[in-house]
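Only one chain is given next, in structure tokens, and it is the form predicted on its own.
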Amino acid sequence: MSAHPIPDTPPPGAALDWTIPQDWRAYTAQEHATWDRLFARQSAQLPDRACAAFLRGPDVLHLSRPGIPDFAELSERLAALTGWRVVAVPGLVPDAVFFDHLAHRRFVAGRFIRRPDQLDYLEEPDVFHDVFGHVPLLADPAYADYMQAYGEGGLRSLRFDALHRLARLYWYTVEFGLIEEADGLRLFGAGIVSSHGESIFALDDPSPNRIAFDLMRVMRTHYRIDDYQQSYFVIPSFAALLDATVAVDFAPVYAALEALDDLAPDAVLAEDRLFTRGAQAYARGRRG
């Protein structure tokens, strides 16, 4: 999901559903080495930071093998666990296409990998973000069900002109979510676990707010696309996240949200349950 314009029709070489062959044999030795470097760096950093379900994923899916994973082999292992598959796409895809793939347990992933000079930041998601960041949690049954439910909800949202509301839910859970576990707050959002800098910032820095998840609160809140988040939302478990979304009739939720003001990324409400009230020093420094 992106703010950038996306063509209405698939580019040359893509199927009608926008999928393309991964063409795994075309990767260069340097590209495989870039994956290995990123994988080693994040794998060393994430113990005691990422949630338990994420940390189990690379082992059960054999992601620790050298080189960029072959989507066909990865899909076989993932499908045996939760019925999901990984399919290659040429880049960002239209929202309806994205939702349809999720609703049918197909996770779309870019096949290109960032250059060595882009290790710390890349605007468009690459194969490392998509596979290392997202796929390990698809081996967890509750999270896998949530992602399918999100795709089904996304298709419904297109009828209510409420895509921006659902995009916020995706952003603050799938991409930048935190979870409360027995040992404290842990990371699960793909945008954090695949980022060397934000995987430290999101847990350790005093700047951002860390707020207990509430569906309508999240769907009112703008987010940052150009820097670290000013607020993170904390779920109690993947089962609770699934319950909070699957059992909801979103039509009245969308209607109720129309009567409420949107919230700035750094907003704190009186009714929020806070884990951390952020000082916002990082964001103020960046503006300065």
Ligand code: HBI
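Everything numeric here is computed off the predicted structure, so don't read it as measured data. Note that residue numbering follows the sequence shown and begins at 1.
Quick note: we don't show the form predicted together with the ligand, though the next part is all about it.
Comment: 96-104 is the region of 214-222, 183-191, 96-104, 136-144 lying near the ligand in the model of the complex, near meaning a non-hydrogen atom within 4.5 Å. Proximity of G91 to the ligand in the model of the complex: non-hydrogen atoms within 4.5 Å are present. Among residues of the shown chain, A162 is not one whose heavy atoms approach the ligand to within 4.5 Å in the model of the complex. When contacts are judged by a 4.5 Å heavy atom cut-off, L203 does not count as touching the ligand in the model of the complex. Of the heavy atoms in A167, some are within 4.5 Å of the ligand in the model of the complex. Contact annotation for the candidate site: F39, G57 and L78 all lie away from the ligand in the model of the complex (no heavy atom within 4.5 Å). Scanning Y150, F176, F71, F128 against the ligand in the model of the complex with a 4.5 Å heavy atom cut-off leaves one residue, Y150.
In the model of the complex, just one residue of 100-118 lies within 4.5 Å of the ligand by at least one heavy atom: V108.
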